[in-house]
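In the block that follows, a single chain appears as structure tokens, in the form predicted on its own.
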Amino acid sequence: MRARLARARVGIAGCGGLGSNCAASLARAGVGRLVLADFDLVSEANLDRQFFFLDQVGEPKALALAENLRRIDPALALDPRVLRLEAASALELFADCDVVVEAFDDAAAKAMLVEAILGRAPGKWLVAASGLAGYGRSGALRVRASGRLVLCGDLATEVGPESPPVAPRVGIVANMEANAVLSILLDGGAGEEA
């Protein structure tokens, strides 16, 4: 198992709450190669739910995350990229990845990545998230697979003033994404729940 994971290459599209926590879990599980992409900078507002630290405020998220992941596993092969992904750049950047993790906040960016990866990269798996805002209701969180698309979350709860992203649910969904990636890499399927 460890040898198979060490040879795996996973793309992380977005290094915020979902992407940073998912990447940390994949690194701890033994995934050997991660491609990290994000255009944003770490801010103090991120520290409540993202795998960053106060002294990293102002740093590019992709670079700060790579630094933190190296502390978990110095042998981890990392390819951090500071860029805003478009369909063409996503296809190019993640071309050699076994699985791509969608970890965006923006619905349009999510749709772009789904269309790019599933529509133009036959055979590639995409693990995405939808419905993770607020707190509680963890029983509503599920993993659903449709072809090579895996969705993690409750598919309903949107971020808003009454339901902001909060560390526990963000972390649960990020780890659901990581677990789905491991199921794909090791078993060839998403480990879909009922």
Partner chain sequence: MTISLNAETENYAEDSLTIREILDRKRWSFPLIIAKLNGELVPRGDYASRRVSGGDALELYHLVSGG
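Residue numbers count along the first chain shown, from 1. These numbers were taken from a predicted model, which means no experiment stands behind them.
Just so you know, the form predicted together with its partner chain exists too; it's not on screen, but the next bit is about it.
> Using a 4.5 Å heavy atom cut-off, which of 125-133, 62-70, 23-31, 37-45 contacts its partner chain in the predicted bound form?
Selected stretch: 125-133.
> Could you tell me if residue 114 has a non-hydrogen atom within 4.5 Å of its partner chain in the predicted bound form?
Yes - in the predicted bound form, heavy atoms of residue 114 and its partner chain come within 4.5 Å of each other.
> Test of understanding: in the predicted bound form, would residue 141 fall inside 4.5 Å of its partner chain by heavy atoms?
Residue 141: no contact with its partner chain in the predicted bound form.
> Taking 4.5 angstroms as the cut-off for heavy atoms, does residue 158 touch its partner chain in the predicted bound form?
It does: once its partner chain is placed as it appears in the predicted bound form, residue 158 has a heavy atom within 4.5 Å of it.
> Decide whether residue 107 counts as a contact residue for its partner chain in the predicted bound form under a heavy atom distance cut-off of 4.5 Å.
It does: once its partner chain is placed as it appears in the predicted bound form, residue 107 has a heavy atom within 4.5 Å of it.
> State the residue from 180, 18, 10, 13 whose non-hydrogen atoms include one within 4.5 Å of its partner chain in the predicted bound form.
Contact with its partner chain in the predicted bound form is made by 18 alone.
> If we check its partner chain in the predicted bound form, which of the residues in 35-56 reach within 4.5 angstroms of it by a non-hydrogen atom?
Contacting residue: only 49.
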